[in-house]
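The form predicted alone is given below as one chain in structure tokens.
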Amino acid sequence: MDKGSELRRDGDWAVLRIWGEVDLSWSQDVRRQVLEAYAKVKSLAVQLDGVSYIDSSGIAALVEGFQHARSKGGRFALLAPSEAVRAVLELARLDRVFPIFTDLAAARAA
């Protein structure tokens, strides 16, 4: 499966949509994109509905983005994680840490 990402602005938020397998070979690029997005906005949502697999390095990239947002007074949200992502988040109990929403409107309202 192809992997990729696209970053778009939606008002005061940026949405980074990721798809494919987020593993060690690609997680550093995801990490870079997450951190670079914060150079432009204070609120970032990472859309994960197209992610078929994520390993610990991919989760670490998301954790770093979440911590960066908190340290800078920004907002961070995960949008519509796929079943594969949700399973990993639940296993690591990170579903209790990350703000997870079905869509950007729900993240904005929170």
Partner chain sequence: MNESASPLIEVVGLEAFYGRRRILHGVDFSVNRGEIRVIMGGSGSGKSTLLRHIIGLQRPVSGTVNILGVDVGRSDAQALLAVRRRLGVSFQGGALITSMSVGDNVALPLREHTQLDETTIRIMSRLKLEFVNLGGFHDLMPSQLSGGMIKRAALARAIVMDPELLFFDEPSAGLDPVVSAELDELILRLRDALRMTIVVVTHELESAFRIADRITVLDQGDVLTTGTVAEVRASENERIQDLLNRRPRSVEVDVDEYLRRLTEEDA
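Everything numeric here is computed off the predicted structure, so don't read it as measured data. Numbering follows the first chain given and starts at 1.
Not on display, but discussed next: the form predicted together with its partner chain.
Colleague: Each of Gln33, Phe76 and Ala105 near its partner chain in the model of the complex, meaning some heavy atom within 4.5 Å?
Modeller: Checked in the model of the complex: no contact with its partner chain for any of the three.
Colleague: Though its partner chain is not shown, can you say which of Ala69, Ala37, Ala80, Ile59 has a heavy atom within 4.5 Å of it in the model of the complex?
Modeller: That would be Ile59.
Colleague: Can any non-hydrogen atom of Ile54 be found within 4.5 angstroms of its partner chain in the model of the complex?
Modeller: Output for Ile54 is yes: heavy atoms within 4.5 Å of its partner chain.
Colleague: Within 4.5 Å, heavy atoms only: does Asp49 come near its partner chain in the model of the complex?
Modeller: Heavy-atom contact with its partner chain at 4.5 Å: absent for Asp49.
Colleague: Using a 4.5 Å heavy atom cut-off, state whether Asp10 contacts its partner chain in the model of the complex.
Modeller: Result no; Asp10 lies far from its partner chain in the model of the complex.
Colleague: Does its partner chain come within 4.5 Å of any heavy atom of Val41 in the model of the complex?
Modeller: Residue-level check for Val41: no, no contact with its partner chain.
Colleague: Determine the residues of 73-110 with a heavy atom within 4.5 Å of its partner chain in the model of the complex and present them in sequence order; the list may be empty.
Modeller: Sequence-ordered list: Ala87, Val88, Glu90, Leu91, Ala92, Arg93, Leu94.
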